[in-house]
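Single chain ahead, by itself, as structure tokens, in the form predicted on its own.
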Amino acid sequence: MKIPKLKNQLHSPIQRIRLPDSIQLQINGCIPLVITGDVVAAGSLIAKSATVGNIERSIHSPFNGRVTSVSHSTVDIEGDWPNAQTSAAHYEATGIEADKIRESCRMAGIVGMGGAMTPTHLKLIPHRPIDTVLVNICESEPFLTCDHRVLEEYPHEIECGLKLAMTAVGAENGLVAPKINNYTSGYERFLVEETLGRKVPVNRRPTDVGVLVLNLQTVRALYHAVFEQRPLTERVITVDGDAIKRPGNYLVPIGTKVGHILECCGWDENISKQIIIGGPMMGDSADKNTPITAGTGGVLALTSEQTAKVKDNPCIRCGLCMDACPLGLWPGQMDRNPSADLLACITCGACQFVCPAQRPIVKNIQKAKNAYLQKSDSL
């Protein structure tokens, strides 16, 4: 059974979401640099982590406005979301030193926008030889089309951002990775193997085989950081699902709450069964107060017909989960027979999608994985 693509918004141009009344920025692990009542400008630094070696995170305000609340994990701001002032110049990635690229990336607070949200400046430090940079545009999750639209509408920025990343790590080759039809093709290990023929061992990284993989919107953010000194304060997301009347691809300020996005897109709360941020396979359940982060690729409002009714039924040993697993594991039995296979699982959800017994396989695996790791640590 194939995972349906449901790429309904492939041809929907990027729209700017209506101004939200307020935003809530997640600052977990960072120290707030503002207090309630402070006036902030768009792009100003509002929180920063302690610097440990090269590890550092910084968070910037998308708004010109006033700080209304500060806690150990969030900063709330009310105000105005200005249009970014983009120069008409056609920038070229030539003659720029690697150190300047990395420093611009660090100062802009760029993180992996494919979901992991690892500080990107760390990936631009070549700890080992890198000969190829891949821009990941697979967007394998059903519904999500935001990266596709960014590539369609801003190809020069992507190409130029790719060249900047190549310069930063000293790579001679760069490639906007071709779209591959299979679900999980966007997973880094599979992408490197299918695109370049290089196998990345389990529990190793693409950099171990000379490849740096970056998300497409991350590469675009690098372009803006280097040439316009623009920090990461906004991103493009896909809004879709049968409970949405005006689906599409939207530019939103980071920190926008899901409820505002749903309201702007014609959410029918009466038929909405589940709200998901990210994709339906690996995304998380959300509510109206959940804020968008730099790694949020979509907001989905699904009806009961679009959501599975997960039940804790016994395994019927049909083998469909084994056929669906991209790693050839036996997901339906991994929680009962804990082994190192648990660490290889990427929790893509393909096994649960095909399970005729509708078992909560992913939840069971994650629980077993945590128990296995705790046991290993205690030995």
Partner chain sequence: MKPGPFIHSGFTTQRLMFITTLAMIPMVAASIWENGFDAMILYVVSILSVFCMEFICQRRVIFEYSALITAVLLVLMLPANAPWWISVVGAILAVGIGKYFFGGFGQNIFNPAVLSRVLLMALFPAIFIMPEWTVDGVSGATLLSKEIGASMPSLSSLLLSSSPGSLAQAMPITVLLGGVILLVYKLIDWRVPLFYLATISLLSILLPGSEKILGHVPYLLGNPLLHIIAGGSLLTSFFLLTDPVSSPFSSNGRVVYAIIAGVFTMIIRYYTPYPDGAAFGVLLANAMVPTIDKYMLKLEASVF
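Residue numbers count along the first chain shown, from 1. This one's a predicted model, so the numbers in the text were calculated from it and none came from an experiment.
Omitted from view is the form predicted in complex with its partner chain, to which the following refers.
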Counting only non-hydrogen atoms, the one stretch of 306-314, 61-69, 23-31, 42-50 within 4.5 angstroms of its partner chain in the model of the complex is 306-314
*Decide whether Val202 counts as a contact residue for its partner chain in the model of the complex under a heavy atom distance cut-off of 4.5 Å.*
yes
#### Entry: 4.5 Å heavy atom contact, Ala98 and its partner chain in the model of the complex
no
Point to revise | Contact test in the model of the complex: Ile55 vs its partner chain, heavy atoms, 4.5 Å | key: no
Quick one: does Asp284 come within 4.5 Å of its partner chain in the model of the complex, counting heavy atoms only?
yes
Picking from Thr118, Asn182, Gln274, Ser73, the single residue whose non-hydrogen atoms come within 4.5 angstroms of its partner chain in the model of the complex is Gln274
Within 342-366, the residues having any heavy atom within 4.5 Å of its partner chain in the model of the complex are Ala344, Thr347, Gly349, Gln352, Phe353, Val354, Cys355, Pro356, Ala357, Gln358, Val362, Lys363, Gln366
